[in-house]
Ligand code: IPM
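The data below hold one chain only, encoded as structure tokens and taken in the form predicted on its own.
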Amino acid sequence: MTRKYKIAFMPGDGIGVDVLAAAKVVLDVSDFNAEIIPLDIGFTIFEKEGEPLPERTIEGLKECDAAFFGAITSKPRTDPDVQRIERKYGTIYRSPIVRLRQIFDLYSNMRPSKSYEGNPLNFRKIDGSIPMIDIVTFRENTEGLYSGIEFDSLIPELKVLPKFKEFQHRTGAEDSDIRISCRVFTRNGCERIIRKAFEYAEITKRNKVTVVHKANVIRATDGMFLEIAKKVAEEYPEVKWWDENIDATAMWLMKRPEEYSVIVSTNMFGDIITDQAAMLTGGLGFAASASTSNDFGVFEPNHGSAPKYAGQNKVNPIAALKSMGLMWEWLGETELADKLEMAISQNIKEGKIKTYDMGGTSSTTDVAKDIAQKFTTD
């Protein structure tokens, strides 16, 4: 008898509800043996309770094997709605997905970007050719500029440092006019994401890794990232690797994306280039992701909550479906993952049932039902 999993089901906000409902259509026709556990997260629950990630959700996740997540509405602290809710409940808004990554140490964010035959949104070069792109990016997911260590003014502990004194003298800025976001790296944080990328390249026989950084300018943090990459690479002699500055990668992705296979980068740089890679392969409607630790994972489409489309049943559910496939693969249910990937590929290749972004008129549910039908057909 196959193992029965406990899977947290967290639609979140906006179209997160739509795309997870679509994914449920495929989930229901699969033989995936799981107890589905609904849990609250997002801006909607923040409005109701003053906390976008309730303690009951955190405790519920601890009882699960993995989490399937839709999308959240993300707003800055200066947003009037955020400020109003903070005043009402006496709380401070913090990104619930960033907190999840840190609470559960989901240090590895893997984002595949793949061209599908027949996708009208595939990237075309100037000469009209369509390169077949198949990139898997590993993004460090818990450190860097997303560490959450920030200051709303120049605090006394920093003010006394010579470099801050020099900066303040040069700019003439008052203490209260300075905002600071710390870009914090650790050796362990760098090494484990770099090693994850090299291991993946070796296991999948891709044998090619690009290390993306800005060590020529951000010398302390990215300098350490590159230094560690060089040492880790020595342990994988069969894997060809090279390093690039982030701005160079952004350029070459637009010129010769087919030359990339596995990319590894830091938190913010990885966040940026994976959206760029997604646009080369159809847009965020195709962009899936897996945020994992060594024993837990959260699987989600990369897109946001897109409030203007919420509840209209019109957005592309493929990113959510691909995320479910990543969850199955991570859990070891590779047969299910492979069947789903084949069904998605077939749907795109036929080009009959497709959402508005692909030039079609089909609904979110229509696409899910078509892929479910293909999933169940031998």
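Worth saying up front: this structure is predicted, and the values here are computed from it rather than measured. Throughout, we count residues from 1 along the sequence that is shown.
Separately, the form predicted in complex with the named molecule exists; it is not shown, and the next lines address it.
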Counting only non-hydrogen atoms, choose the one of 202-210, 229-237, 127-135, 89-97 that falls within 4.5 Å of the named molecule in the predicted complex. 89-97
Wondering, does R192 line up within 4.5 Å of the named molecule in the predicted complex on heavy atoms? no
I'd like to check something about E143: if you look in the predicted complex, is any of its heavy atoms closer than or equal to 4.5 Å to a heavy atom of the named molecule? no
Could you confirm whether D271 comes within 4.5 Å of the named molecule in the predicted complex, counting heavy atoms only? yes
Non-hydrogen atom contact S74 with the named molecule in the predicted complex at 4.5 angstroms: yes
Just one of K196, R101, K214, K114 has a heavy atom within 4.5 angstroms of the named molecule in the predicted complex, so which one? R101
